[in-house]
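First structure 1, then structure 2: two forms of the same chain, each alone, as structure tokens.
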Structure 1
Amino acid sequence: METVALVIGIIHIASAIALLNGVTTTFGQSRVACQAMESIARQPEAADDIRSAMFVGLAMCETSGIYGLLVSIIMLFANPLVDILMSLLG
């Protein structure tokens, strides 16, 4: 019982660590948005082009954050290692 509790606790800590990449993802996205704002302020007539390029850039940055989310969801709800541990413990 103690081993299972330890493993489940470690899984929760690990999924929290996996979600920490949101910090860097948000930082990158803020850089993209900041630069886009700056260039729109400099050239308001090119706002539409800049906005569509900004959305694509934001989506590209967001991918790593989404991967972290998926990793933590898989670790919490569909972890294969827990099943192996359960079958080992009987």
Structure 2
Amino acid sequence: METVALVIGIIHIASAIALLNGVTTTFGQSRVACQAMESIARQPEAADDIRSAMFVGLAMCETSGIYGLLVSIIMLFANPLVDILMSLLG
């Protein structure tokens, strides 16, 4: 049983690390928006191109955060490795 408790503890730590992706995603999105506003201020005639590139970048950042959340949920609630470990231990 100690092995199972150790594995579950490590899974929780890994899940917390996966959720840190959401924190870094927030900083990345703010950086993208800041740079886009600065670029539009410098070249107002290119605002449409900059804005569409910004939205693509923000969508990619947000997708990365959602993937981190999904990986964390899978590790916590549907981890097949715990089932394998339980079957090996009997």
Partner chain sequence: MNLNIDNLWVLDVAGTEIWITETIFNTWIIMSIIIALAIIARIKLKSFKLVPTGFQNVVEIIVEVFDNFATNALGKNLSYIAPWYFMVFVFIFSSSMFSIFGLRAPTADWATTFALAFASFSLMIIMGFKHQKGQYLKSFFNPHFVFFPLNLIGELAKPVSLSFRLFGNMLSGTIILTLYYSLTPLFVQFGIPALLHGFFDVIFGTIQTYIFVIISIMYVESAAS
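For clarity, a rigid core is taken as the largest C-alpha set superposing within 1.5 Å between two forms. Please note that residue numbering is based on structure 1, beginning with 1 at the start of its sequence. Note that the structure is predicted; figures quoted are calculated from it, not measured.
Between the two isolated copies of the chain, the form predicted on its own corresponds to structure 2. When the chain is split into two rigid parts between structure 1 and structure 2, D48 and S72 fall in separate parts, each C-alpha being assigned to the part whose superposition fits it better. Rigid-body rotation of the smaller part against the larger part between structure 1 and structure 2 amounts to 27 degrees, from C-alpha fits. On core superposition, P44 has its C-alpha offset by 10.3 angstrom between structure 1 and structure 2.
For A33, the displacement of the CA atom between structure 1 and structure 2, after superposition on the rigid core, amounts to 3.5 Å.
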